[in-house]
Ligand SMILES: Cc1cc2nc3c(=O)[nH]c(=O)nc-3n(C[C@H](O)[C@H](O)[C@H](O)COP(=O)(O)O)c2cc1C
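Next up: a single chain in structure tokens, the form predicted alone.
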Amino acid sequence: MARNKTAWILYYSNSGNTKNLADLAEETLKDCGWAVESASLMDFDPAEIKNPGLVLLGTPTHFWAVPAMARKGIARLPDLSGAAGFVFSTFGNVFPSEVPYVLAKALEKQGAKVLGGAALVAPHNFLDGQGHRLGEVYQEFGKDQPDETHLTAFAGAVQSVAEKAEKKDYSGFDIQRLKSSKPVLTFMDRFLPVEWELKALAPVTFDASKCQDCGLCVQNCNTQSITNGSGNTKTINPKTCKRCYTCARQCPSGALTVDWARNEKLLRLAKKVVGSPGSRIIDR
């Protein structure tokens, strides 16, 4: 397979939203005759990525930033000189972000030339005060998104970039266009790092009386913030916990809980300021 017909899709996905886009991108590229390799940023092998013609990089938006675990994977990217690039992110329609732009800069730092990107609204994975997923109940938090119109446009953008990559037409795209649609709000990130924002979110609490000691929380904690104590006790490090809440959602016995009502209140307060940023697809 010629270099310009080999593509890699690298992604990080916590709730499945970003993986769904990665799968759509893979299907689109294969329909265009590309050989495609797809891998999680958590466990990909940089040595396997050799002279790709196209690299796609996607992550969710954690508040307005790239998730910490995804950043660790991105830091392992190999030399991508000569490759074209496409970036994508998903978010729960709360915080407009610089994530596509940050991902584009990461690819170009490794030598790729980014030709397009997308930020698509998807169901928010936090729960509401009644224990329902925000993105499955409320339109303002991404219910039924991305819809067919956005998915079709996303696939079209991937196809367009693939065609340019095949022709080695790397002109005419400025990654500055991938910056936030609300730069004034995004500028706040320089003064309010995500770590500060996390302190406002409800922590995960542990109830030893309900723990079945199944180990799922430890296995599914990407930041290794949960450790086993004596008996069936668990210790959660609040300094390294990134409030992704995967552990609480995976726990089968309810031993790990979150004050979801507190988080919902914070998100709704944020939306009063931010509104609904909406999806963006930019490839021309």
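So that there is no doubt, residue numbering starts at 1 and follows the sequence shown. Note that this is a predicted model, so its numbers are computed, not measured.
One more form of this protein, predicted in complex with this ligand, exists but is not displayed; see below.
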- Query: Tell me, which of F91, Y101, F154, F173 has a heavy atom within 4.5 angstroms of this ligand in the predicted complex?
  - Reply: F91
- Message: Check for me: heavy atom within 4.5 Å of this ligand in the predicted complex, for each of G16, P123 and R243, yes or no.
- Response: yes
- Message: Can you tell me which of 103-111, 77-85, 124-132, 163-171 lies within 4.5 Å of this ligand in the predicted complex, counting heavy atoms only?
- Response: 124-132
- Item | Contact test in the predicted complex: W64 vs this ligand, heavy atoms, 4.5 Å | yes
